[in-house]
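This document opens with one chain alone, in C-alpha cells, the form predicted on its own.
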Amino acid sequence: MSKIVVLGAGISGHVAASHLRRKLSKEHEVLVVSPNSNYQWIPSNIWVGVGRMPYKKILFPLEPLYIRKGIGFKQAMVKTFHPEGDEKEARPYVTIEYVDANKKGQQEKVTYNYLINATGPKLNFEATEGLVPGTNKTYSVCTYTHADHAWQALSALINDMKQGKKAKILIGTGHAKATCQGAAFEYILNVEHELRRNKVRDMADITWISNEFELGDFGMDGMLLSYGSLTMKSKEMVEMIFEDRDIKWILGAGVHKIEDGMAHYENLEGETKTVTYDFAMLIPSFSGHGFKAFNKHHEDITDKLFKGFMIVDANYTPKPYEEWSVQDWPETYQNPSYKNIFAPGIAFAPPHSISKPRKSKNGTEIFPSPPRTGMPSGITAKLVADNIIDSIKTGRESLAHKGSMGNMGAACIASAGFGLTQGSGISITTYPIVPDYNKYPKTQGRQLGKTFGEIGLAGHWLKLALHYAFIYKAKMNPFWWLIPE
C-alpha cells in the first residue's frame, strides 16, 4: 500500500488528488493537507470583486466531498519537511499544524510514500509597505474574501460618484516583481464596465500601473498573435483596448510603499514618483512560504528542496538572459534530491523569468515574475499524478508523462465585463507559454495560428461556461475527468 500526501487544495492540489483517487485502488491512501476548508475557483474572483457573482457561487466545502470520494483531509498548515525521516520515524514525513477549531495549534507528523507540494504562493503583501488588503484604500482579488471586500469598497465609491463625487481608480501590480498581471487586467476592464453600467464612467479617472516594460507583457515577454486577418503584438492589442476605454497607464513601475490614497513607485529611470487614488486594487508579489527541511540527523537541508519555491527538474544554472532556453524548464516537476517529492503549479521554482529582466538606474529589479497559474497548474498537477500512479502500479519509477512550459500551450479567457448581452471577453491562446526563439525566430518565439486573440461577447459566454464546467469538474461529478485541464 502507498500513501500519497498532497499539500494544498488549490487548482494543482485538488486536480492531483482527484486523479490519484480515481485511478488508484482504495488500498492506496490519498490525503490532502490544506489550511483552507473550501475549494475556490479563483478565476471567478474577478466577478466577485465587481459584485456580479456572489462568492458562495465560486466555492464549496472540501471535507464532505473528500469523505464521499475516499480522500483523507486535514485542515492544517505544513510546517517542516523531513524527506529522510529521523531517529524516531524511519519513513519520510512532514510536520503539520492544525488550523481547524477542534485541533487548532496541535502539531502532528504525517508520513508518506509520495509527496506532492501544491502549496502555491504566499501572497506577500508585506513585501510592499502599507499594501494590506482593506487598508489605505487598497484591495485585492486574490481570494474570495478579498474580492468581496473589494466590491464593498467599490460599491460605496460608485454611490459617491452617483452623488457627484469624482474618483481616481488605480489597478495593477503592487510590487516591482509581482506577477499575475492577467488578473489585474481582467479586473480593470470589469471595473470600467461596471462604471459604464452604473452611468458614472465620466466621474472616474482610471489608471493601470504595472511593472511591465510594455503593455501586454503579462510576464510572458508579450506575444505576436493572430487577430482576425491581422497579425499584431499583444502590446498593440492592449493599447487598443485601453485607449478605447480611456484607461491611462504607467509602466515600468516598481511600487514600494502605499499610504492612504497614495502609491509610491520607482520607475526604470530611477525616479521616485507618486500617484493618488480613491480606490486601488494592486496584486502583491508571490513568494515561497519559507518552509524548512531537515535530514534524519535534524541538519538543515532546506537548500536541497527550496530556493524560495520548491526545486524541481529545471536547469537553475545562472546565465545571461540571452542564453536562457526553453530546455531550462522542468518536465516532470520532481525534486532531484528526493525522487518521491513533486511540485506542480505555482509551487515549483522557475529557472528564470520569461520577460526580460530590467533594472532601474538605481539597480532595482522591475519586471514581472513568470506566471504559472490557471491552465499550467492543472496540466502539471495531472502529469505528476499520472507519473505517481504509473510508479505505484508498476512497482518502479515511471516518468513517462512530461510537460514543459516550453512546449505547452495555454488558453486564457480574460473577462472584459460581465453581462449576458453586454458582456465581453478577450480570448487569448499562447503556444508555447515560454517562447522558443530557436524554433519560432520570426514570430517572437511562438507559433502563429496557435497564438491568437479575439475580443467580443462570445468570450464572456465562454468564460462563464468554463466557470460552471470547472466547478462541476472540481466537485468530481459524473464523468468529470472528461473535462480537460
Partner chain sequence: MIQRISTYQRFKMMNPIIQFFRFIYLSLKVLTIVAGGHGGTRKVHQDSHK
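Positions refer to the first chain, counted from 1. Model, not experiment: these values are computed from the prediction.
Below: the form predicted in complex with the partner chain, not depicted.
- Of the candidate stretches 106-114, 238-246, 263-271, 337-345, only 238-246 contains residues with a heavy atom within 4.5 Å of the partner chain in the predicted complex.
- At the 4.5 Å threshold, heavy atoms of Trp461 reach the partner chain in the predicted complex.
- The partner chain in the predicted complex comes within 4.5 Å of no heavy atom belonging to Phe294.
- Mapping the unseen interface onto this chain, Gly445 falls outside it, with no heavy atom inside 4.5 Å of the partner chain in the predicted complex.
- Of the heavy atoms in Ser404, some are within 4.5 Å of the partner chain in the predicted complex.
- The three residues Val326, Pro330 and Leu457 all sit with a heavy atom within 4.5 Å of the partner chain in the predicted complex.
- Met375 is the sole member of Met375, Leu224, Val200, Ala153 with a non-hydrogen atom within 4.5 Å of the partner chain in the predicted complex.
- Proximity to the partner chain in the predicted complex, taken as a non-hydrogen atom within 4.5 angstroms, holds for one residue of Gly134, Pro357, Gly409, Gly308, which is Gly409.
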